[in-house]
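Below, in structure tokens: the form predicted alone, a single chain.
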């Protein structure tokens, strides 16, 4: 009696896999993560496939009321000028911080028709989104905060993302880098945040601008953004010890 059930489940998986492309945005039709086949990232495939197949459309992460805002510890690099992993970037970030980030520019390049550099004021002039969401840290703790920023999709569209684009790569002043696919890049809650709890984003939380990917574990929301590079091929951030896809 077990064999028919096994076949049914297998067919269901195949059907879900085949229909996955229908959920994707143009350029996002791959049914498996780009890390598929990497033994150290075996969890990526299961989580990625489950989310892309089972969640309807681009399901929103839960949003909360202002009364739910909690204390929010700052972990990891708390100031790239002091603890960044790249000496050259430490010096640059230190100078930008002393000038209250007046000279900070976010470079958007790669597979876009109009590469450019965005000042903080440029981002603040674009349509804004405010959301109160839960940050789930890989260390096991959670916190709720209000984030204000511009949807990443708005910036990508302004830069003229090309049809061949598939991944958006982020590079930060503390030396970290990571990437997401276009499905998450165009999620309405994926924003470039410049405000936290009604104030400018503080340095310990990623000033002047950090990424917020509300559908994935906290470390995907890179702080201290320096540049964004759109690519048509996957760029592995290297042996970070973390999974590439960590949906929640």
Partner chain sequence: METMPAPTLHPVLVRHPAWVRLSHWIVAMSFLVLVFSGVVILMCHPRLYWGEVGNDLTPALFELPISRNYRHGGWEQNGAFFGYAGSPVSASRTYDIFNQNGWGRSLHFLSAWFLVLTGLLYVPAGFFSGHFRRKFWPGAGEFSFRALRQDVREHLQLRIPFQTAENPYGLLQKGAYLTVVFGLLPLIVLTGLTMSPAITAVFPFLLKLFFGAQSARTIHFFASVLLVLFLLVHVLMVVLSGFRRQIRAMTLGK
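Positions refer to the first chain, counted from 1. Whichever C-alpha set is largest while still superposing within 1.5 Å between the two forms counts as the rigid core. Here the structure is a predicted model, which is why all the values come from computation and not from measurement.
Below, we turn to the form predicted in complex with the partner chain, even though it does not appear here.
Please determine whether residue 101 contacts the partner chain in the predicted complex, using a 4.5 Å cut-off between heavy atoms.
Outside the cut-off, so no.
Closest heavy atom of residue 150 to the partner chain in the predicted complex, within 4.5 Å or not?
No, residue 150 is distant from the partner.
Please determine whether residue 143 contacts the partner chain in the predicted complex, using a 4.5 Å cut-off between heavy atoms.
Contact with the partner chain, yes.
Against the partner chain in the predicted complex, would residue 72 count as a contact residue? Criterion: heavy atoms within 4.5 Å.
Answer yes; at least one heavy atom of residue 72 falls within 4.5 Å of the partner chain in the predicted complex.
Which is the contacting stretch out of 131-139, 162-170, 117-125, 91-99, given heavy atoms within 4.5 Å of the partner chain in the predicted complex?
Result of the contact check: 131-139.
Going by heavy atom distances of 4.5 angstroms or less, which of 222, 182, 196, 192 would be at the interface with the partner chain in the predicted complex?
Contact with the partner chain in the predicted complex is made by 196 alone.
Just give me the residues of 193-230, first to last, that have a heavy atom within 4.5 Å of the partner chain in the predicted complex.
196, 197, 199, 204, 205, 214, 215, 216, 217 sit within 4.5 Å of the partner.
2 Å or more on the CA of residue 58 between this form and the one not shown, with the rigid core superposed, yes or no?
Shift at residue 58: below 2 Å after core fit.
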